[in-house]
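Here we start with a single chain on its own, the form predicted alone, put down as structure tokens.
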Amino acid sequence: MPRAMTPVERVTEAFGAAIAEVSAVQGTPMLRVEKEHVPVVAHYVHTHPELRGTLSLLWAMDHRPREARSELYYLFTLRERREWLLLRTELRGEDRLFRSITPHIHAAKWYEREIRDLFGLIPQGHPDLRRLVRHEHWPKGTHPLKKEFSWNTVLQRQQGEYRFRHIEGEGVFEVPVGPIHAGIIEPGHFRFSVAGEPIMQLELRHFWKHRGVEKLFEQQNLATAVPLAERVSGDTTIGHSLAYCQAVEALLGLEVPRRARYLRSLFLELERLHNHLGDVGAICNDTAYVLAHAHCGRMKERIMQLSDRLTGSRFLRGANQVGGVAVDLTGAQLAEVVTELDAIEPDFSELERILFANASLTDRLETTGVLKERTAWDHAVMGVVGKATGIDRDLRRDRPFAAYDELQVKVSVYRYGDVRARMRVRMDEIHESMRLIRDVRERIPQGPITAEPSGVPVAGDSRCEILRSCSGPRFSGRYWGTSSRTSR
């Protein structure tokens, strides 16, 4: 039986000369594609039945002033194999134009608009080039992720107006809402075009708070940037700081001790718990079921107080550090965690039974906000919403990190795609997080909780270049120092 072709072999066979280079970054295959061929190659990866790649991430990088070029990276997750495939292309010299892949892949729409706003690179053929992040009161020509843009720049406000699309017709009304802080999506302005009950069109306007976090990272050394990563989003302290620490550890070739990896998984599941409990309560509150919201808030508060006792922070700040964790847990503390979960879980299970027996709540959630699987796949939906729409994907299982390679994660998937399915995923994950935490307590080994770096990365290393796009240029100086020369 002939050997099955790898994704790289399949793409290179199909496009030949369009593929300028084949390499790999941290085990992920990377193809450098000439920029004029990017749309057709991306379309092939997205639609070929043996690949079915989801565009999971698209970002840009400015190499100036060291080199007069920019790069674009397209990260695809292959549907059946759950592997990653990375495409990249270059814009040399003063070239600012690249071909949009949005007409082929809907998921690229906001990414490309964001790249235009922040880097000044223009996606030719994009169907909607209105500003996204760079609101109209920003001065023209301001692109805050270009290397020449200083982190402490003070922008002068100018007048401008966003061009909302309008629907006209008999009985059609436009209802403006906001700008308002609407929960986890942060401030947003919404314009509903309605004809009675049906919503004909919804225009979203997000990104009212550009805090310049990316440029602040450039002022940090690798070890001192963890607190900044923790504050990217307040309720995802562990998620963001862990992603940052793992990127730096890959760059430095650091092997994180097993005990630290287990503790990272425990902290991450505690964070997942308090977020899911809050979200289940918020869904109930949105349907006017205030009592259920109060009970979820009470259980969430118990988790946050537990986190405070363990780490000194309700949001688990200060738990992660490059090379491992900064907080170790004693046997008594691990036992306390399990005792607290043993008290909360039956309480939550009782609430579940009440919710699912409530016909009024069910009527409001079932068939509401239905997202079909094909639409979710084409828009690269992931996480809770993806799982509720039939997309069986979870990084903890598919590309294990922390201690998840030794913990068996059970993934909850539903195919209804409505609000009730999304709430069911959260509820299932609450029980699964509790199970995983108990498993961590049973399996956690003894040993150190941090590893010291033995060297610094070399400027020009491909791993260094990709991390540089989000973590700044300070890679040639002292790792633990408070100041260093840049690699520019």
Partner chain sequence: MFRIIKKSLKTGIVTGRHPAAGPTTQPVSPEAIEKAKPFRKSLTIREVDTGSCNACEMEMNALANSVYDVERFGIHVAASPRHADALVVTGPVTVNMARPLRDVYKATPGPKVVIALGDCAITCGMFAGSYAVTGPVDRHIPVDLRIPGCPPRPAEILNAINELRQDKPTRCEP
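Worth saying up front: this structure is predicted, and the values here are computed from it rather than measured. Positions refer to the first chain, counted from 1.
Although it is not shown, the form predicted together with the partner chain is what the next lines describe.
Checked against the partner chain in the predicted bound form, the candidates D398, E350, D286, D95 yield a single residue with a heavy atom inside 4.5 Å, and that residue is E350. Interface residue among L254, L78, L407, M304 relative to the partner chain in the predicted bound form, by the heavy atom within 4.5 Å criterion: M304. The closest non-hydrogen atom of S233 lies within 4.5 Å of the partner chain in the predicted bound form.
Contact annotation for Y162: none of its heavy atoms lies within 4.5 Å of the partner chain in the predicted bound form. Under a 4.5 angstroms non-hydrogen atom cutoff, the partner chain in the predicted bound form lacks G125 among its neighbouring residues. At a distance threshold of 4.5 angstroms between non-hydrogen atoms, P144 is in contact with the partner chain in the predicted bound form.
Residues of just one listed stretch (83-91, 389-397, 288-296, 168-176) have heavy atoms within 4.5 Å of the partner chain in the predicted bound form: 288-296. Candidate site formed by S56, H104 and Y111: none of these residues places a non-hydrogen atom within 4.5 angstroms of the partner chain in the predicted bound form. Taking a 4.5 Å heavy atom cutoff to the partner chain in the predicted bound form, the contacting residues in 188-227 are F207, W208, K209, H210, R211, G212, V213, K215, L216, Q220, P227.
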